[in-house]
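Here you get one chain, nothing else, as structure tokens; it is the form predicted alone.
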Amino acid sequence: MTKIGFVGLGIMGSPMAGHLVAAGHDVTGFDLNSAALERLEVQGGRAAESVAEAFRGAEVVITMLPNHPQVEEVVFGNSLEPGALLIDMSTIRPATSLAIAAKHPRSLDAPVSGGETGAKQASLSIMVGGDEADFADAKPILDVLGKTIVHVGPHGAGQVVKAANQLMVGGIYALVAEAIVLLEASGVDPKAGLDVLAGGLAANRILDLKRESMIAREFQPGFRIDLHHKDMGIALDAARQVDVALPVTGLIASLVAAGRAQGYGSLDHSALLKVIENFSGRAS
């Protein structure tokens, strides 16, 4: 059993903390949402009244927060126990992960992919940056939360891999959306068309998991366009830091931004279909 402080009990963090409790760990969590704290207590964890209380006595601290300002406020504004391991599982800019490592050498950046479903099913992919020894210490805990856990390099590397993940996911969503618009405008059954595509070279996880809900225009958020907009900004910023041009990423970022501007920020990122429809005057 490990004493874990968990800060950020939202859509992703709540089920993750629950899995850690179920695995036998002593989890004390904090969130600004009182309902999230109540859920943790129902799961068998303990609710803290502050970040400081969640950190107190923790051998491992996990943060799962919306963006770098929240992570910086939590990490730089509070003290960890001597020797405690910090695992930041938020998706933030690599520069913040490097700044955290400068203050807390025993830290890992460990963003995840898999969305709400992956968090609930403990099937997340976790990309980890930091020291090899710290990764080895964290691995038994991360194994409770995910199925694919890979140490991808030094501090900041996990966030770079997550940025690459998000630019690819956004691009695939946009292309699936364009395929649906083309099929429907041509009078072709989109279900039949995408079923065939899913069995060929165009196969991908988004086709597997989302084609039916996209065709049905069901956009209940598993991962909101608002958050993907933030992530595309991280990807573009990371590209600037290393002086590379990512032209397709820039286009996808513009499509995601258009989704927010058109009022779809609270919808699932598969609602890029609505953006593509609007461009063609085929709003559903």
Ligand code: NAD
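Start at 1 and count along the sequence shown; that's the residue number. As the structure is a prediction and not an experimental result, all values here were calculated from the model.
FYI, the form predicted together with the ligand isn't displayed, but the following is about it.
- Proximity of Glu184, Lys191 and Arg282 to the ligand in the model of the complex is absent: no residue of the three has a non-hydrogen atom within 4.5 angstroms.
- Among heavy atoms of Thr91, some come within 4.5 Å of the ligand in the model of the complex.
- Taking non-hydrogen atoms only, Asn33 approaches the ligand to within 4.5 angstroms in the model of the complex.
- Contact check for Leu65: a heavy atom falls within 4.5 Å of the ligand in the model of the complex.
- Shown alone here, Ala163 lies farther than 4.5 Å from the ligand in the model of the complex, counting heavy atoms only.
- With the partner left out here, the ligand still marks one of 41-49, 220-228, 243-251, 54-62 in the model of the complex; by a 4.5 Å heavy atom cut-off that stretch is 220-228.
- Residue-level contacts in the model of the complex: of Asp137, Asp131, Glu116, Glu178, one residue has a heavy atom within 4.5 Å of the ligand, and it is Glu116.
- Screening Glu73, Glu81, Asp143, Asp208 for any heavy atom within 4.5 Å of the ligand in the model of the complex leaves a single hit, Glu73.
- Looking at 1-22, the residues that come within 4.5 Å of the ligand in the model of the complex, counting any heavy atom, are Val7, Gly8, Leu9, Gly10, Ile11, Met12, Gly13.
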